[in-house]
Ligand code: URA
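Shown here is one chain on its own, the form predicted on its own, set out as structure tokens.
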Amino acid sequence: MRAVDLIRAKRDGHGLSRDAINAFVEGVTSGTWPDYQISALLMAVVWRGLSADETAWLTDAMVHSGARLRFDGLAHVPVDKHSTGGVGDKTSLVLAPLAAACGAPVPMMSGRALGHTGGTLDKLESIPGFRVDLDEAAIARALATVGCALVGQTDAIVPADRRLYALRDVTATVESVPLITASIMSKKIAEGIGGLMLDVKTGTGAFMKTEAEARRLAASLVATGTRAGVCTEAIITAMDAPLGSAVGNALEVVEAIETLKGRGPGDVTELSVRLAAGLLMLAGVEVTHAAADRRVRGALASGAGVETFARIIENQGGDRRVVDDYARLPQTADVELVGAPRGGYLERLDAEGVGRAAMALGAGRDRLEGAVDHAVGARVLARPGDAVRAGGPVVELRHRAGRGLAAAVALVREAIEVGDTAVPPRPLVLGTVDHPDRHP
């Protein structure tokens, strides 16, 4: 099939056959399609969309562009969680060890920070010695011994996505639900899981700004995963203000450990428990949400979750002593407080603004190959709805000798809005999305 014929067909609003989509992905993977033709088809997809069939076929072709992991002989179904990205979202570091402590095998394959949203791998790599580059055999051993592996995508997994993602990033073709679906689900399906919990975020700090957009993406992800044989569920969560208090790699590791010790922020704890309970049900450890919730909360209260996290760290070459000695994590002594512009009630603390501020300090990156400073970031000292006084601290910035500080302070000041009355924030969990064929 000629590339130009596929481009013309989609440009004119026609559907693509499964064979045509297979030819496209093969051309991407082998390099026989040049970047300009790939980009042309991606733009046609952005404008014309893909049907549910086309989305499923694209996902399947991307899965088969590389290796598909298998984990045989486990007592329960291997499961994972994926978040569409937010500010201060360290729930993976909490829910993965909690679910593993309760008996669910969790081969969690995560990504790095890009833009104002954080990346799980960067947070983990703030732990001295922690390795995220495990191969399939090492992941299987981790599941057998610890119950969890927290790793990055291997070179063998979905190589087509790496080229497509790089081109989408520079050709303004990121904003497409079918392309986002295929990118996320191909990697999750290829990692050999049987169940997936999705946390699809919406709000100012999320990729999907409106709840309607988030629900559309969640429905596409759930339908595509279910069709591929992966039991998939999604929750829609608010991302208008940062999740928890810490924003930045080492800062978020500390907050995750504190949460596992039962001392974390309420929103981080509740969302982590909700997602971990969902994993237990998908793994077949429990059959009701009430039983799964009790088991997860028991692991939290007993310390089994934090002990499992320490074992995961040790198993992947990291210094498990960080669990009890936070001074072993990267740190900076440089601190700047940003206060409220006037007295009243904090109406808004824009998540994207705080995330961009942390990025300006060096906690994030503009491009995937960029470096991060694991010590810097922000701590939220006042939440929307809290009473504040003029000049009273709202956000604490941890910087490195002033690098990016002026820009970060300006971004945080712009993110703060104070009003005369207390306005309750919207609920953290806004709803769920399940495939209609899941429960006949």
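Counting begins at 1, following the sequence as shown. Not measured: the values here are computed from a predicted model.
Same protein, other form: the form predicted together with the named molecule, not shown, and the subject of what follows.
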The listed residue (Ala292, Ile184, Ile127, Leu271) that reaches within 4.5 Å of the named molecule in the predicted bound form by any heavy atom is Ile184
Please identify the residue among Val254, Ala228, Ile180, Leu74 with any heavy atom within 4.5 Å of the named molecule in the predicted bound form.
Ile180
Only one of 326-334, 89-97, 357-365, 160-168 gets a heavy atom within 4.5 Å of the named molecule in the predicted bound form; which is it?
160-168
State yes or no: in the predicted bound form, is some non-hydrogen atom of Tyr345 no more than 4.5 angstroms from a non-hydrogen atom of the named molecule?
no
Heavy atom within 4.5 Å of the named molecule in the predicted bound form: which residues of 189-228 meet that condition, in order?
Phe207
